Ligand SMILES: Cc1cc2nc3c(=O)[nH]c(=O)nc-3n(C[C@H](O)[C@H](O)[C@H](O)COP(=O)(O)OP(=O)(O)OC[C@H]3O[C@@H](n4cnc5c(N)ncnc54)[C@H](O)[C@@H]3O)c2cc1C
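Only one chain is given next, in structure tokens, and it is the form predicted on its own.
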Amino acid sequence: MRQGFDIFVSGGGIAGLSAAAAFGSAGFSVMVVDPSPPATCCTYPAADHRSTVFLQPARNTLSCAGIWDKLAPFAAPLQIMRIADAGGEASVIRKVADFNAAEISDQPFGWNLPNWLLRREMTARLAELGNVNFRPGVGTGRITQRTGEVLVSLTDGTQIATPLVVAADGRNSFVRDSLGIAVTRWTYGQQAMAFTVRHAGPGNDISTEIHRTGGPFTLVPLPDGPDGPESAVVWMERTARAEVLMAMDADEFSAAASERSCNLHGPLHLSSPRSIWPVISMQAKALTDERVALISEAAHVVPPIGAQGLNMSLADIETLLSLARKSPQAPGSRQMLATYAKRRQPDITARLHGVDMLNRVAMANSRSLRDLRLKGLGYLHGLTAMRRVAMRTGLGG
């Protein structure tokens, strides 16, 4: 027996759950599937111990989806984005540049939340929506496109008919690949390690990005844990060095992380499992196909710098939803999807190349390039107009 939904979302990660909640809250009937069950608490064996920063525009999207009120009590605000250059021969900070949200807004730049908590609260929101059917543990098996609808076969044998498929199934997207949509991909010889640390001093609502050869080391404050202040860390390193670090025991790794952070927060103590993944940039050569829209990492992947990744994804969702609201009787039409691609493609391309450039600058190995990076940071931070433009651009404004 075939089931009908206005929207079918393939992928139940944070982007997919956000899309399902946004479309469901707008009155569309939604089916969302994901082959993996969601982690429901921080001790769940498969829990995602990374965190995600939501910038100001993203909060608005989540509010309309009925999610933000659930997240706000747990969110750590990010009032200052601090860039520290440690590109000298020794592990010493050469320059610190603070970018304060108060210069451009009465709100913080964004808010940081653990991924396991995001998934838990987003799943709870979907359970409140009678028009959303979330099927964890079920994947997308086959897609058959027709002029007026898409037929989707699920891995449990269920048949779905829908006028719009939203592919939110990640960088290795089954939907994208099954439709033959090619991607452009480039690599850096880097790995990103994500983990949580305890430290003595408070985070003070400051996200700190420390630049040194190999890539940025970023500490983002979390709500205080039971043993004191905590921060989420993303440490980007060249692959060979990252493999050595991942082989260390917890004490050795904590000492290496403290040294890499130039002890800016004092000694760091590892307080979570470590995860690691290759750093890449990727862009799909098309954002749409017949009655299919790609969003999130199915459409674009950027290095974890400047909180751009998921916030680009939420901009995809916001754009797609606004277009669907204008023609609720015809989601997935060719005109709607052509407009979606036209609106999103320039921003995606600009941010991909911008983050790519920032990562290459942060990785700089030669002394002359490191010194040039230092001068550039001083120039950007020292001119008020340039500093404010950079902050607005980072927010998507």
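Given the structure is predicted, the values throughout are model-derived calculations rather than measurements. So that there is no doubt, residue numbering starts at 1 and follows the sequence shown.
Here the subject shifts to the form predicted together with the named molecule, a form of this protein not shown in this document.
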> Ile14 near the named molecule in the model of the complex, any heavy atom under 4.5 Å?
Replying inline: yes
> Any of the heavy atoms of Pro304 lying within 4.5 Å of the named molecule in the model of the complex?
Replying inline: yes
>> Using a 4.5 angstroms cut-off on non-hydrogen atoms, would Trp277 count as touching the named molecule in the model of the complex?
In response: yes
> Wondering, does Asn359 line up within 4.5 Å of the named molecule in the model of the complex on heavy atoms?
Replying inline: no
>> Counting any non-hydrogen atom inside 4.5 Å, which residue from Ala257, Leu310, Ala324, Val292 sits next to the named molecule in the model of the complex?
In response: Leu310
>> Using a 4.5 Å heavy atom cut-off, which residue among Gly139, Pro77, Pro229, Pro267 comes into contact with the named molecule in the model of the complex?
In response: Gly139
> Among 161-169, 242-250, 208-216, 221-229, which stretch sits within 4.5 Å of the named molecule in the model of the complex, heavy atoms only?
Replying inline: 161-169
